[in-house]
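A single chain comes next, written as structure tokens; it is the form predicted alone.
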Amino acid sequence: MICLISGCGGQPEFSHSEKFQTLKPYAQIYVDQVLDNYFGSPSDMVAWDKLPLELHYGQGTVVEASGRMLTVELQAPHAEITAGTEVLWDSGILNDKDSAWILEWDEAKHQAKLESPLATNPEVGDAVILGPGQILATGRMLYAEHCQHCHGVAGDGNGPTAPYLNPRPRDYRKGIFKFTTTQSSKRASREDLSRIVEDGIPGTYMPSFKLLTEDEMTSIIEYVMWLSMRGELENQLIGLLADSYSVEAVEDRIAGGDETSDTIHQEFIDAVNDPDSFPFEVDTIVSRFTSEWVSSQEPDAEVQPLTPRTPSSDESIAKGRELYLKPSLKCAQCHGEAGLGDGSQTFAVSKDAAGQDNLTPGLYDTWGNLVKPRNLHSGIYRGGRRPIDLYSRIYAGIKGTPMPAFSSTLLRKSNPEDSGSEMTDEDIWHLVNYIYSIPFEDVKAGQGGSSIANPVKDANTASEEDSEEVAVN
């Protein structure tokens, strides 16, 4: 089932990734055709029901239909139904004559008075959709108003404001979102994305949008996920084609002497028209990433501490400091011994995605941006300052960055004797308590206490009351 959504204002166009330009023109055309068929354009979107998105205001079944009156049984929850909402049923999704528009809506009875009598009455039990694709269409308009100037039309993080911002706005097209409360192998949950939109990202130019209504928030989140899925399909399809049909690959094949430009082009055409070739690969790509998005919304995808939070205390903070400095955990290699974000890795030469040395020493994220480990003395935690937020950063890492997930080293034994590089769940809470205490080292130093040159002493003198205050503010 495919719903066409038109009239989003203006004629913006989706930009392509840099790798798109490396393909032969006929391969570029194929990528454009696939994306246009399944996603459309910003001003003429396609709501593809194969995608695990909330697309419509409401879905349910027909209870009664006669003349201008229509009563439906809707699945809960649903968005607010208003005058002007379109109604479609059964196979009428692609058939304009089977659509109608609501003049008045009775929420208590789930009954609509339509603008005009029905051309044909649907049968009782027929599937009905209210506002087909309108969540996505609303999300598009809100995104254009609030988000596009930074994140770009295609969600590539390259809007007109982006060059002036540090850090750069998020590029959604890899399907990766940094600050989540899901396991390291999972995507972001809707709750993760909603929290970022509502609260913003401290220490960056991502503001809070708390004034959005719940339905507006839902619309933006679904549209961001839609952009992400579109970008994933584009990137993976380009990767699939680049092996044989990039300009460089075609030149190499011709140089081999057994093929010509024409035979390679004809091979491509045959593959496009063979259901078991490129069409099958497209379906496989979509099925893979959609299943990953679906599984990431399940309760077991969330990071779930094995034990309740360890109360903050001098002893817990000292244990956290000891773990922080433990060579096998390598915290100090990035964040520095004093937690200033100046560890040895920030001066080391790293490799890019192609295995080449980066021109500038330091750490890089999945998007190729130079990133600096958090200065823990600032008290600013971009992924949120709740205890579970810091626990999640340690347990599941920060997706798309060098910050690793320590879940693989977590020792699930009650009384470990010699765990080597492994940690217990309580150890993660000790680290959380220590991280919360670090900004107070500077406070005490400014009040005549010890300086951060001896952070262990400062950590040991931090009170439980101080630490808890940081944790809940």
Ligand code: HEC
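The structure presented is a predicted model; accordingly, all values stated were derived computationally and were not measured. Start at 1 with the first residue shown and count on from there.
One more form of this protein exists, namely the form predicted together with this ligand; it is left out here, but the text below deals with it.
Residue-level contacts in the model of the complex: of Ala396, Ile81, Cys334, Val286, one residue has a heavy atom within 4.5 Å of this ligand, and it is Cys334. A heavy atom within 4.5 Å of this ligand in the model of the complex is found for one listed residue only; from Phe406, Tyr30, Phe440, Tyr38, this is Phe406. Highlighted residues Cys150, Phe209 and Leu390: every one comes within 4.5 Å of this ligand in the model of the complex, counting any heavy atom. The stretch among 118 to 126, 198 to 206, 249 to 257, 299 to 307 whose residues place heavy atoms within 4.5 Å of this ligand in the model of the complex is 198 to 206. Among residues of the shown chain, Leu363 is one whose heavy atoms approach this ligand to within 4.5 Å in the model of the complex. Residue contact with this ligand in the model of the complex: Pro167 places a heavy atom within 4.5 Å of it. Within this chain, Thr401 lines the site of this ligand in the model of the complex, having a heavy atom no more than 4.5 Å away. In the model of the complex, no heavy atom of Trp89 sits within 4.5 Å of this ligand. Along 169 to 185, these residues reach a heavy atom to within 4.5 Å of this ligand in the model of the complex: Pro169, Arg170, Tyr172, Phe177, Lys178, Phe179.
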